[in-house]
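First comes one chain, alone, set out as structure tokens in the form predicted alone.
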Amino acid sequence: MTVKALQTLTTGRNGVGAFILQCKKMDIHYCDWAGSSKGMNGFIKSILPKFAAANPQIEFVVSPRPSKHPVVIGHYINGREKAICVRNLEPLQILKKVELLRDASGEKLRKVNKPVQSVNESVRGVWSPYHGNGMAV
């Protein structure tokens, strides 16, 4: 009796194994002389080169915006933009805001009814410690 292997093609489900960063571009606007841009100027000089080198898939555009508060704008692959005003923030606080934009999906915030969305729903149902062996309370 010969053994035959089944020929199956692997199919990706729910994006497992293929990750595409949603943020494609970041615009960083600052003012040269305004006091609210002091932290942004420090961020651009000290932290931004390392952050840009660690994230080569994101295009960074730094441009002056005289007499305006500093702003970081994230552009996403779905065509949306998110802007965060970073006036009077320290460079490390600005780094947290830039990481927030990098990790965001670009979608509008909405209420989540189910925390997990899947092509294949679970057949086991909701687990509870009170089912099964009859745990005494």
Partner chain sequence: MSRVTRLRSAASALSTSSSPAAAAAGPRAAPATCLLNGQASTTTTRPQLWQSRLQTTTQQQQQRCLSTSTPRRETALSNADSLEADFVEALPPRRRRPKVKTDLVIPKGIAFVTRVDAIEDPSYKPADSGSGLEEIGGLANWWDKPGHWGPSKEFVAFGPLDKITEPAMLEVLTKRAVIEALVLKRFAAQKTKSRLAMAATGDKEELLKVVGVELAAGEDGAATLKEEAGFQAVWDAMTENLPKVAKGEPLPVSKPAEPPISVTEAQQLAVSWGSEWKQASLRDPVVKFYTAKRIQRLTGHIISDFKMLGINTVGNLLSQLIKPPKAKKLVEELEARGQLGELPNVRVYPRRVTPVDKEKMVGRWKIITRELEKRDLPVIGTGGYKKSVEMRWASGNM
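Positions refer to the first chain, counted from 1. Please read all numbers here as calculations on a predicted model, not as lab measurements.
Unshown form predicted together with the partner chain; subsequent notes refer to it.
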query	finding
Interface membership of L95, the partner chain in the predicted complex, 4.5 Å heavy atom rule	no
Close approach of E59 to the partner chain in the predicted complex, 4.5 Å, heavy atom	yes
is_contact(G79, the partner chain) in the predicted complex, heavy atom dist at most 4.5 Å	no
Contact label in the predicted complex: D103 to the partner chain, heavy atom within 4.5 Å	no
Interface segment, criterion being heavy atoms within 4.5 Å of the partner chain in the predicted complex, picked from 61-69, 95-103, 108-116, 82-90	61-69
Within 35-51, the residues that have a heavy atom no more than 4.5 Å from the partner chain in the predicted complex	N41, I44, K45, L48, P49
